[in-house]
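Only one chain is given next, in C-alpha cells, and it is the form predicted on its own.
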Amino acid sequence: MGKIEWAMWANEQALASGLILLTGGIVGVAGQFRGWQFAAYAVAAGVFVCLLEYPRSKRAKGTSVERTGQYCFTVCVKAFGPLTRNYYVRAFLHAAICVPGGFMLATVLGCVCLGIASLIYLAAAIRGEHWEPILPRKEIRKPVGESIKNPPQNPPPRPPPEMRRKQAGDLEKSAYDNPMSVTDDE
C-alpha cells in the first residue's frame, strides 16, 4: 500500500469548508442575524480560504491533475513563498480563521469544517509534506526516427511482398496471380 498524502485531503476539506463558510456568512448577513458582523467576517474569510486553497499541490508520486483555471491562482499563492508552502503555517492560519465563525449559528458548520482541515494540514506538516505548484508542462516532441520515412500506403492487413499486386505498366504482367487454384466443380 502507498503512503497517504494528507495534504491532498486537507486541500479538498479546506476548499469545501471555505465555500461552506462563505455560504453561511452570506446567509447571516442577508438575514441580519444577531452578530451579523461575524457573518460579514465569514464572507471575507471564506473568499480568502477559497482563493488560497483553489490551486492543488503537486503530488509526490503519480499524476497531478490541476483544477480548471488554477494557473493564475497558483502564481498568486506561489508569490507568498514559505507563508503558503509550509503546511504548519496553513494549519495555524486555518485554525485562527475558523475561531470567529463559532460565534454565529449560520457559520458554525464552516468553522468546524475549517478546524478539521486545520488538523489534517497539521498531520501533513508533521509527515513532512509541503506545497509544490503544478506548472504547465512543455510539450516535448520526439524527433521522427530515421526508419520512418513515409506512412504505409495500403491499410492493414498487408499481404506479404510476394503476394502484392504488381505495377500496372504491363497489363498482362500486372494481373493478380491467385495462389489457389480456382475451378468450377459443377
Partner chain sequence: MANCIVNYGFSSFILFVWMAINIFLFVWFYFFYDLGPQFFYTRHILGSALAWARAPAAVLNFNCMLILLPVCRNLLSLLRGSFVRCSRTMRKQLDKNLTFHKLVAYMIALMTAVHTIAHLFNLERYNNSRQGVYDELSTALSDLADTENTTYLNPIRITNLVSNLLIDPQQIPTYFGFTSIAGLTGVVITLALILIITSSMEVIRRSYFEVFWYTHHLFIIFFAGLVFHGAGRIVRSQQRTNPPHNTTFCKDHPDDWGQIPECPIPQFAGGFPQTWMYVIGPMVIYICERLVRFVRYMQSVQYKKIVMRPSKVLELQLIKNGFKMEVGQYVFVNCPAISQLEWHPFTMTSAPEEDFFSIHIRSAGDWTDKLIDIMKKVPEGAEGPKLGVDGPFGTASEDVFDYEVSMLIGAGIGVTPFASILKSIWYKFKDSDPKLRTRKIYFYWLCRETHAFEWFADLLQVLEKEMEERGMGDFLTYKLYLTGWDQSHATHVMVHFDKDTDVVTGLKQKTHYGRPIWDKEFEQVRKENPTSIVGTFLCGPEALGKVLEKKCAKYSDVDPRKTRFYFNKENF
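Bear in mind that the values here come from a model prediction, so they are computed numbers and not experimental data. Numbering follows the first chain given and starts at 1.
Another form, the form predicted in complex with its partner chain, is not on view; read the next lines as being about it.
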Can all three of 8, 105 and 109 be found with a heavy atom no more than 4.5 Å from its partner chain in the predicted complex? yes
Among 47, 134, 126, 27, just one has a heavy atom within 4.5 Å of its partner chain in the predicted complex, namely 27
Going by a heavy atom distance of 4.5 Å, is residue 31 a contact of its partner chain in the predicted complex? yes
Its partner chain contact at residue 130 in the predicted complex, heavy atom, 4.5 Å: no
Closest heavy atom of residue 41 to its partner chain in the predicted complex, within 4.5 Å or not? no
Just to confirm, residue 116 within 4.5 Å of its partner chain in the predicted complex by heavy atoms? yes
